[in-house]
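Taking the form predicted alone, here's one chain by itself in structure tokens.
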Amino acid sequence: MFDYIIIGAGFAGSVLAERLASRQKRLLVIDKRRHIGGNCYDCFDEHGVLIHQYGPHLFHTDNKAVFDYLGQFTEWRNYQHHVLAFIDGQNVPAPFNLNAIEQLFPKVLAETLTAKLMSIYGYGKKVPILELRQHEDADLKFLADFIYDKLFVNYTAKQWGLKPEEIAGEVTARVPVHVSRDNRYFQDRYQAVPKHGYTKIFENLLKSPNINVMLQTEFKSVMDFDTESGALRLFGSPFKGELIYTGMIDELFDYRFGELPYRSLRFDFEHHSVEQFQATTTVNYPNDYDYTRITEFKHINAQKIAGTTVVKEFPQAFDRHDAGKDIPYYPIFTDANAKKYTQYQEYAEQFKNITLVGRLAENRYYDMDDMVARALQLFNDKW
């Protein structure tokens, strides 16, 4: 009945499903959740507020091809994301920038720090905090240590459960000092949110009659994969097509090299009978409280509605046996984990009927635009 089975209805699986269906291929998309869209799923809560069920998702990209491709499936509404960080009793821009320096330090010191950053790095440069800490200049070293202690180290420990030095550079580089007065969190050319929500994008991606979707289904309950021969069976019968897999690579191969570690999250939603809960979409709490950030959704959606809904985000260890911790949001990027993933990757290469794509399957951090670009490139290269 099907040419392809796709495990996972997030961006990786849904984009590939849409592209393959456009070539008249028949597909079965399987997802264990009750909805499509993966972690990008959004919905209206009981108060009528459009919420992001798995934390805030803000689309931004410099890739016009990706922006235009998704534009076939949604209308865009321009949105510029702003984040504040609660430091020493006040909210300052995040990433830390020249405006934050002026806000937190005496005027003379702020002017000195600004001048040195501008002279050494130039306006607009984003400098990873761990790189700045290695600088020989005493003033910049002071600034780097301040930001590291106040903004970076405790947030990182909460988010990942590790010390910053234990995490791969591709993660720590995502927390820069921005030599700029631009308070936006992103500086990409295209920044927007889907006018009718993310879920509508996925409905449109998957609407082809060539695509069948099974939700609330563990893929191993309907599909057998022989991890020795590579043989596939679907609903008890041999399946001669291809498998596109976007889930945890260690789960696919029955944990033959051991479990890979992931980081999970808990989201606590609160509704408040006020017009506005906080000044901007997201406020980070690096040092205070057990949560890392609070997001207020009305800032994203520009809804005109009484009351407001916020979500507090609590990082936690992943445990596939615990229903409250069994969603793997992020691979944990350390050298040891990379070596274990490589074992799985090399083992997977012998199976020509399987394609691995996605954050969990490839053990990579993808933003939404990166994931769409990866799926489109894979389709163009392979099919």
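Residue numbers run from 1 along the displayed sequence. Since the structure is predicted, the reported quantities are computational estimates derived from the model, not experimental observations.
Missing here is the form predicted in complex with a small molecule; even so, the following discussion is about that form.
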Testing 99-107, 247-255, 188-196, 135-143 against the small molecule in the model of the complex with a 4.5 Å heavy atom criterion leaves exactly one stretch, namely 247-255
Going by heavy atom distances of 4.5 angstroms or less, which of 347, 314, 329, 44 would be at the interface with the small molecule in the model of the complex? 329
Should residue 218 be classed as touching the small molecule in the model of the complex when contacts are defined as heavy atoms within 4.5 Å? yes
Residue 58: heavy atom within 4.5 Å of the small molecule in the model of the complex? yes
Any of the heavy atoms of residue 265 lying within 4.5 Å of the small molecule in the model of the complex? yes
Is there a non-hydrogen atom of residue 32 within 4.5 angstroms of a non-hydrogen atom of the small molecule in the model of the complex? yes
